[in-house]
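Below you will find one chain, with nothing else, as structure tokens; this is the form predicted on its own, and questions on how it binds or moves follow later.
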């Protein structure tokens, strides 16, 4: 296996993410050592831990019993830095070759193999091409040419800071035109992400320092510990600014010996925090299916899409529905209903989401 990465080096920059029980089970299924490394690299809630949902003035509206997820669904929630997840993935790739500072310029499907041309001028011959190149996937453009993803009306700003003393398990803030989510990542640190209603391109046009100052002005009247946490954001690791886009679901992400996974296949808004977990589910299912049907790569890829598309379509559309940021935080009932990480209700739906288990493939269709 050869992994091609555009970045020249993988450095400890960027923000964090949450892997929910289904994502952790997917990591365990792909490689038990990967699941163990993810747990060790991030923050695993204790049995009684809860993450409060608060109004901007600090009034507690409800709480997510995040410490009980492991008992309910067979795996914990783990919050960690993206860099830590990258390192865990690299450490468990076995004899895979990692090529950095390169991108895939084009590829050709020859029926029995693919040839992949890199920006470095090198060509790789492979059994298949897996496009895991994100929401603006070049691989998708070559395979489907189905246009650009659609902006959903808000921008995400993400950074790192130290743990707010009054919110050791993180916090969700439902504001007026701004939602904030904070989760610990270990070592006395948290990552935070603010969803801000905005015109497309407004926030990405700002440099990091200007964007952070603008965000602080927007939340200056919020609960002081929350404002202070944002003010103490790590300048060295910087902040990440992304206009949030998704796509309408499609049923098939494969063409011949090429296939998409993760955000390249099913980009989704961050409202349910499922982007990384869905990508890990994809990887676990695709690996298992290719191992079961190694001689029929195109057929295996079609089977993979048939299994994954219905589940991911549901999550894309539910994330879109829940993803909007209220402009009237005073509507308490609406705020509670749309909280991105409120898991105290809808047990049946959550059992379907977090209760995912990898399919067992028998080697025949």
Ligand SMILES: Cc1cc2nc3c(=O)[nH]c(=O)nc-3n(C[C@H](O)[C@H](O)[C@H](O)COP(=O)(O)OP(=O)(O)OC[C@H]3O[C@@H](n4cnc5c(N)ncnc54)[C@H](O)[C@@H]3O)c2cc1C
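Since we're looking at a predicted model, the values are computed, not measured. Residue numbers count along the first chain shown, from 1.
Below, we turn to the form predicted in complex with this ligand, even though it does not appear here.
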query	finding
Partner contact for residue 359 in the model of the complex: this ligand, 4.5 angstroms, heavy atom	no
Non-hydrogen atom contact residue 218 with this ligand in the model of the complex at 4.5 angstroms	no
Proximity of residue 164 to this ligand in the model of the complex, heavy atoms at 4.5 Å	no
Non-hydrogen atom contact residue 134 with this ligand in the model of the complex at 4.5 angstroms	yes
Interface stretch in the model of the complex with this ligand - options 242-250, 225-233, 145-153, 288-296, non-hydrogen atom within 4.5 Å	242-250
Contact assignment for this ligand in the model of the complex, among 114, 104, 211, 130, heavy atom within 4.5 Å	104
The unique member of 175, 184, 270, 159 whose heavy atoms fall within 4.5 Å of this ligand in the model of the complex	270
Contacts with this ligand in the model of the complex, stretch 25-59 (heavy atom within 4.5 Å)	none
